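In structure tokens, the next block holds one chain alone, the form predicted on its own.
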Amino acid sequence: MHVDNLPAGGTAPPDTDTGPAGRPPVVTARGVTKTYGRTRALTGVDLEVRAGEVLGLVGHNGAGKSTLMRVLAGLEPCDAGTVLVHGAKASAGDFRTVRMAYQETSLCPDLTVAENMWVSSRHCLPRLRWRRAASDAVGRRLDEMFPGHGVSPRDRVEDLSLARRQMVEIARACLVDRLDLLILDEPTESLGPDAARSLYAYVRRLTEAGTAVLLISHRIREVLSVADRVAVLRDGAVTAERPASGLSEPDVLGLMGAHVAAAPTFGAPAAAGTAARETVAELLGATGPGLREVTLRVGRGEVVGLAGLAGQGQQEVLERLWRPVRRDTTVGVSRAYVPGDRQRSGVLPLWSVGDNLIVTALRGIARRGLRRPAEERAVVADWVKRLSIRGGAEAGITELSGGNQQKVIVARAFASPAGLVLLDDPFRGVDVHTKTDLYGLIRQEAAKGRSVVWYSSENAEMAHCDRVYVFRAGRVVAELTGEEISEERIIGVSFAEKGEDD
């Protein structure tokens, strides 16, 4: 059977029990350990993933989630312990029915979507006329998973948006003759709400057909809404397992040893203060690709949020502020930019953590054009300590988890002397505890007079801003300040304008 003839779900193992709790495990880890140099990524993991269930795996950045997933998918051997597939000790061929969709994607950017499918699924595609077979298979799978996706099999992956690349990555993982376990690593961090809902509807169809799904996400409410069980990974070991029903977000955060960051309380005096601040950046009726008569201002020491549904012009505003080449945009201070796509535009993969972090601050530290290595090391050490970057300054940036890489990129922006910091969804894939630290960092830097413009795909984060501009179809549909800023208000405004703009 070829992949292009597959039904929506996987192939369920023979089983007569009803409900995930009564079904046998698809993959089991017993006492699994894994060490990289001096770092013990896994310290004795015991975990089982059962047929027909969604198991949510949560934990801080650096807890070992990504390492565990690679071991469970057969991509890396464990140093000690055992991995069982359907109750038997696994060999390389046993992992063929286990597939993983990566947070940072595993796609080849210079190949088309169809060519990427051939690379990863050629064992279940015909060799003759493979290009048409791969195109048909990925087209149908994308239609099933993400209706209205807008992806052509002929598109080069490099030319796709981050969200569409993530859709292709997830579809790639599902293109297989038999799917017993699907591992989803932060699958919705780059997706909009509609695409996320479509994905989880597809996940439910998979589990109904008997496929097991292992979901990793820092979005705790999202995990609780779709998972049957929740497992907590701390310091390389599973420390708790609970049924998802009856659990609340604070319950899970408590098991993780975290707490929810409280949003600052704004009142009328604070809102009035923002209006009196010196303007450091401004758009006046800005138009162009993705923008329609956008007017906004950024005051000194102000945190300005860009909110609304994804892809409504927020990134275009950040790009305009980063490169103010048009007359409708004025920026009077130096700038630093945290890109949303850290793999393509953020990390410098051949460099260490310290080199990645310090590169934007070198000019400010140097004296008369000469570098000052001792001062550079002190700055790096301070930021590594402030943000608890696992691995330290000497580690290679690609050795870090995605969340720790993101912390390095954020630290790089704030270590620079820039008067305006532009943040494009900076906390994508970052755990709750780290978010709390970074929220505090933003407020501290704003108190020193540094301005921040911040886009987030999570509207709840906008409560940490002084002022929020809500976007719809490339234009500002609302400006919120103080107590007006809430997730409910932002969502309401975003959808209230839909009929007028569309």
Partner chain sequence: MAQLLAPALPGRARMRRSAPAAVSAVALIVMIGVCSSLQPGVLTVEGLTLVLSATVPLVIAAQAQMTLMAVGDIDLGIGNFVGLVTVVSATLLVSSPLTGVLVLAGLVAAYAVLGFLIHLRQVPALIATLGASFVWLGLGLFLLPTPGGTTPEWLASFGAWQPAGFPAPLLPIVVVALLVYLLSARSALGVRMRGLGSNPVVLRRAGLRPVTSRVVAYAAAGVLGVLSGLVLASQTGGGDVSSASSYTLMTVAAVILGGGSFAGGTAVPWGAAVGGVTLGLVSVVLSLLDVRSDMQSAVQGVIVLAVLAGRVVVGKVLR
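Residue numbers count along the first chain shown, from 1. All values reported here derive from a predicted model rather than from experimental measurement.
Omitted from view is the form predicted in complex with the partner chain, to which the following refers.
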property	result
Partner-proximal stretch of 246-254, 414-422, 147-155, 278-286 relative to the partner chain in the predicted bound form, 4.5 angstroms, heavy atom	147-155
Residue 75: touches the partner chain in the predicted bound form, heavy atom cutoff 4.5 angstroms	yes
Residue 198: touches the partner chain in the predicted bound form, heavy atom cutoff 4.5 angstroms	no
is_contact(residue 365, the partner chain) in the predicted bound form, heavy atom dist at most 4.5 Å	no
Heavy atom of residue 109 within 4.5 Å of the partner chain in the predicted bound form	yes
Single option in 186, 136, 376, 115 placed near the partner chain in the predicted bound form, where near means a heavy atom within 4.5 Å	115
Selected contact from 120, 329, 315, 217, since only one has a non-hydrogen atom within 4.5 angstroms of the partner chain in the predicted bound form	120
